[in-house]
Ligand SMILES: Cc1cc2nc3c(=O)[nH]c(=O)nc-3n(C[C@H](O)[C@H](O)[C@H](O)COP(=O)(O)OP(=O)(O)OC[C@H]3O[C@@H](n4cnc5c(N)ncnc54)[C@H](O)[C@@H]3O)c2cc1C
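The chain below stands alone, shown as structure tokens; this is the form predicted alone.
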Amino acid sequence: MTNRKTDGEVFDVAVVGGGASGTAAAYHLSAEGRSVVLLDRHDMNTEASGRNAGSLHGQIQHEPFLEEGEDWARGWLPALRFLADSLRLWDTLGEELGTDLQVGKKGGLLIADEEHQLPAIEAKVAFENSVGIDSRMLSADDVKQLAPWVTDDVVGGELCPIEGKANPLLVAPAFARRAVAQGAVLMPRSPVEGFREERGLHILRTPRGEVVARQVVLAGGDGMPALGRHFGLDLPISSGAVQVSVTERIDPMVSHLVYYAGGKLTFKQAQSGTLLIGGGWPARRNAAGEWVVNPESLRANLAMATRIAPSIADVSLLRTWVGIGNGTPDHSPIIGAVPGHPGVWLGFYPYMGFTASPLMGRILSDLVLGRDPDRDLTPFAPDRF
């Protein structure tokens, strides 16, 4: 993928953010014949989209359900429907992009090892069923049949059949390659330092010069609060560094995306045979203020994994890395027009933006092109806070 000078060029659309959502938007817009420039403050796919564990989520996450309650879950159903609709796009995404994205959708397995955990899971399943997701409760024997490796302490759980995994190192680059093949221009290492509007055009100031576009898509993930402030918009997007671990390769063992009802855990096996263990455990800052691995979090995370899968206790850990997780107060996405700035659009899905990215790219393209995105975006309005 090559870059070229943009001096004097007026693009139809400038997309800010080189992760999965931004590259997906650039792909869809360039496919429609629009001239697109895609900017990122670092290299493409080097932040959340490229540093997550590759989980494809399609159920209400158990931890916020317990913390926020059923009223929150009821209000979050449009965001859950968004994930479910995006997951359908993953089925053919690799073929569409001409890349094996290592997508596997064997379902998500939420494991309970104490009886008191089951009523909340049952209530959560009912909410998921209400929007057409065929989650179901499992007995202990059901779980053992699906996951023979599970602890003998298992008492039951949930199967969400639409969940799975993909390789996060491959997805955004595949979108970007196709966008470039369709005429898009990439500008990595081009942080946006300022915006101004002149005669209906948007001018983005970067260290590599000014970029001029008729419309702008902001899909910068961790950078969204700073981008929003250029337009007088205070986006309540939180950032936190979390860590993910990978083990040595082992024989096929785990077919599902696995969660634990008793704490923070995601657990799955990559196509290569490695186990990926995460769940949102926080990293720490070193003396220089940099995010680094937190040994206490690592110990707790691995203890939780071996609690539900005792047979992995002797598997060697190869690496633990840190990525940024971004959230919103209500756990729902922010999608729509920037108030008072025609032609500037926001697209952000908290916590599970990797899963949401194929649909987010389509919807952002629809908004830019003035098309009906075929869903009510009111629950995701940028000015709702």
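Computed from a predicted model, the values in this text were never measured in an experiment. Start at 1 with the first residue shown and count on from there.
This protein has a second form, the form predicted together with this ligand, left out of what is shown; the following refers to that one.
Does any part of D222 reach within 4.5 Å of this ligand in the model of the complex? Heavy atoms only, please.
Although this ligand is absent here, D222 would touch it in the model of the complex, with heavy atoms inside 4.5 Å.
At the 4.5 Å heavy atom threshold, is L87 in contact with this ligand in the model of the complex?
L87: no, not in contact with this ligand in the model of the complex.
Looking at the partner-bound form in the model of the complex, is G361 within 4.5 Å of this ligand by any heavy atom?
Looking in the model of the complex, residue contacts with this ligand do not include G361, since no heavy atom lies within 4.5 Å.
Test of understanding: in the model of the complex, would H28 fall inside 4.5 Å of this ligand by heavy atoms?
Close contact is absent here: in the model of the complex, H28 is far from this ligand, nothing within 4.5 Å, heavy atoms only.
Identify which of A309, V244, V185, L159 has a heavy atom within 4.5 Å of this ligand in the model of the complex; exactly one of them does.
Partner contact (heavy atom, 4.5 Å) among the options: V244.
Let me know the one among A337, L318, I324, L66 whose heavy atoms come within 4.5 Å of this ligand in the model of the complex, would you?
The option sitting close enough to the partner is I324.
When you measure heavy atoms, are S21, R51 and T355 every one within 4.5 angstroms of this ligand in the model of the complex?
Every residue of the spot touches this ligand in the model of the complex.
Go through 324-332, 66-74, 337-345, 28-36 and give me the stretch that gets within 4.5 Å of this ligand in the model of the complex, heavy atoms only.
It is the stretch 324-332.
Since the partner is left out here, which residues of 357-376 would have a heavy atom within 4.5 Å of this ligand in the model of the complex?
Heavy-atom contacts to this ligand in the model of the complex: nothing from 357-376.
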